[in-house]
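Read the single chain below, which is given as structure tokens and is the form predicted alone.
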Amino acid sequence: MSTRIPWRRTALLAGLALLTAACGGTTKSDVAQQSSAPATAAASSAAANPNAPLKQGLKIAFLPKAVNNPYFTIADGGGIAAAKEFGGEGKEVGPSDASASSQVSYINTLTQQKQDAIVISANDPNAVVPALKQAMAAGIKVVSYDSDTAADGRHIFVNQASAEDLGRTEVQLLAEQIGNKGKIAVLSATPNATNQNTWIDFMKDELKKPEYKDIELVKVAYGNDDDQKSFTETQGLLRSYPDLAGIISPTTVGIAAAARYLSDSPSKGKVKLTGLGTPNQLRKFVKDGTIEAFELWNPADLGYLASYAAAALASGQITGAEGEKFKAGKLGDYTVGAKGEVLLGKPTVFNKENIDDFDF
């Protein structure tokens, strides 16, 4: 497949854009569905000054779907590292569960704290918007990453990879492994996750192509980005469909839980599993034959890019309008696209041949 590009870890670390306080939650310091709106309503009416220097001492808060998700630990760590580079202060706050409204109280607290920017991966595209609008009204810049909000709830969306590329390549990866024939299922995160739902829509569209006429998508299951729930859902899929040929899990929590279940079951090697995960998380499952291949972008680079985008907004270099440009440290130059989207890059496919070249 053309998507199996054996990028080296050194190239990744050199900056190739690839491919994830209060209220009783956890704080870690120093560590896509696209809206149909014509533009990011949150974009400032003030003119951008691309020559403005990045302000010093910017306070940037990262609000992931859940703080106990290892994917977001990596992503937010990259963002916090970027903040240090440009003389800012980054921190991670958020809920331990990924329910639709669980992020709202954190947004309110961050607004009260007068953060310069909030970088959020939305559990629900609409539930967080009223609170984010209040934050923007208070002068706080909002960047969504990984999972978008409605367009009027942020200035910029930093997308990890093209939603279409991810959705279609997930199907292509699994189809190759099952010989373009058999029943398949999707193990997603939450039913309202904007990125998951967009990818699944493209998966379904890809499956309409003639070459996949012998593949049947029998179910989309939801593990709610919870390890045990995802493990149980995998077990349920195999019990309900004993002739299941493969599973796509476009969530790092889901694919790890599914791999753990399959690795100790008679279905190991028979039911193919692919999806989105990190090399360190899935290395043992690739080496023991549970997983042939999976894909992802570099989540640390995603957080790093989102951090620089937030700083560029807070410094007046950009407003979120299409065509504006900014520099993202080691990753180089980026341009704001339609609907305020900034694209990190294409995903990388990991397998036995290249997985040891990566360490994240």
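Computed from a predicted model, the values in this text were never measured in an experiment. Throughout, we count residues from 1 along the sequence that is shown.
Only in words, not in the display: the form predicted together with a small molecule, which the text now covers.
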| task | Counting only non-hydrogen atoms, choose the one of 53 to 61, 326 to 334, 66 to 74, 308 to 316 that falls within 4.5 Å of the small molecule in the predicted complex. | result | 66 to 74
| 4.5 Å heavy atom contact, L276 to the small molecule in the predicted complex | yes
| message | With the partner left out here, check for me: in the predicted complex, does some heavy atom of A189 sit within 4.5 Å of the small molecule? | response | yes
| said: Since only the chain is shown here, I'm wondering whether P250 would be in contact with the small molecule in the predicted complex (any heavy atom pair within 4.5 Å). | reply: yes
| request: Indicate whether L296 is a 4.5 Å heavy atom neighbour of the small molecule in the predicted complex. | output: yes
| said: To verify the annotation, which of these, T169, Q103, N195, Q115, has a non-hydrogen atom within 4.5 Å of the small molecule in the predicted complex? | reply: N195
